[in-house]
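Just one chain follows, in the form predicted alone, and it is written as structure tokens.
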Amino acid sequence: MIETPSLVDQYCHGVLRTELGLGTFEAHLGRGEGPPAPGTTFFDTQTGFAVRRWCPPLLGLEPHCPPARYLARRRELGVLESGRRLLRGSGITTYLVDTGLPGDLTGPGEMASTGDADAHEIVRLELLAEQVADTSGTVDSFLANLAESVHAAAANAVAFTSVAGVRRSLALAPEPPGPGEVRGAEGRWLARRQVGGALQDPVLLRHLLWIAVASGRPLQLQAGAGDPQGYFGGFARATAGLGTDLVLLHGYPYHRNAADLAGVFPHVYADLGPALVRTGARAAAVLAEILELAPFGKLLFSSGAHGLPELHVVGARLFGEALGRVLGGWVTEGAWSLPDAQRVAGLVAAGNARRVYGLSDG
């Protein structure tokens, strides 16, 4: 039997500090815009069923209890106590937290305290650039302040993350833009920008990515609704040999392509998070597909959770169950030895993340 090691959640967000009603809770189980199909809720998904399987026992209920009963128990305990029980029951010992999303979300310090775990910050590049633009009146001041801010953030954060691939992946060339391109794009953006406006310009997004590459910190790249081999393959080639690791996030349903890139480029790693959370009871099949392609030292566990502590639990439990089922099956068949299976489980669960992000073994 494969023992699930302690887990480093290499990409997640904080949890909501507010009590949630049924509709608000259900909305956080969905992954798209708009309501669920008529006569159903977002509990009627693989993720929703996984929440009902794994989370009720942590709050003193039986598995698969009805959603209304589960949420009543959640309100009875209160948001702080239910969050504490859920996070501490997840098996996650270290959280790497992207602090770049809006909303009343806990930061790394609160995640550490509530979950009785370690926690570190991941800095979202686009939010950092937008904050710099809000306090920079000229192109020269923006460019100088941006470089200084990225350098300062690199001293404290364990990694940078970027949503450039989500915002403008088809418009992004992999090479760094020239100084003239950057100044022209920044002048146009500052001239038409409202305070708080999102960074969408492809030239500035590329410039930001390359500043992060120069910092040497690992760079997490979030995939958009497309094949990660498109833009990310070119960027991986352009950054090869520069000393900065790239971690491909949110590749599902193109998880095989992300795993393939991790096998091709020494500095590219693949994240497991949403691929397992979204497939629920089919998580073992998806994990087996990823293990077909990527070297075992290039895969990283994450929950990808946002808002609900339940999603941290589901990410961790689905990963542990899928890992045990896949690797345990190979051991039973005689394809793998038990010591090898246990060693690989430790790498994917925590060891690879500790190496990539320079985390201690404590």
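Keep in mind that this is a model prediction, so the values were computed, not measured. All residue numbers refer to positions in the sequence shown, first residue = 1.
The discussion below concerns the form predicted in complex with a further copy of the same chain, not included here.
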* Just one of 89, 100, 263, 174 has a heavy atom within 4.5 Å of a further copy of the same chain in the predicted bound form. Which one? -> 263
* Can you pick the one in 269, 95, 160, 235 that has a heavy atom within 4.5 Å of a further copy of the same chain in the predicted bound form? -> 269
* Candidate spot 289, 333 and 340, all three touching a further copy of the same chain in the predicted bound form (heavy atom, 4.5 Å) -> yes
* Asked: With the partner removed from view, which of 74-82, 277-285, 199-207, 109-117 is the stretch that lies within 4.5 Å of a further copy of the same chain in the predicted bound form, judged by heavy atom distances?
  -> 277-285
* **a further copy of the same chain contact at residue 69 in the predicted bound form, heavy atom, 4.5 Å** => no
* Closest heavy atom of residue 57 to a further copy of the same chain in the predicted bound form, within 4.5 Å or not? -> no
* Can any non-hydrogen atom of residue 256 be found within 4.5 angstroms of a further copy of the same chain in the predicted bound form? -> yes
* Given that the partner is absent here, does residue 348 sit within 4.5 Å of a further copy of the same chain in the predicted bound form, heavy atoms only? -> no
* **Any residue of 40-61 that, in the predicted bound form, places a heavy atom within 4.5 Å of a further copy of the same chain** => 40, 44, 45, 46, 49, 52, 53
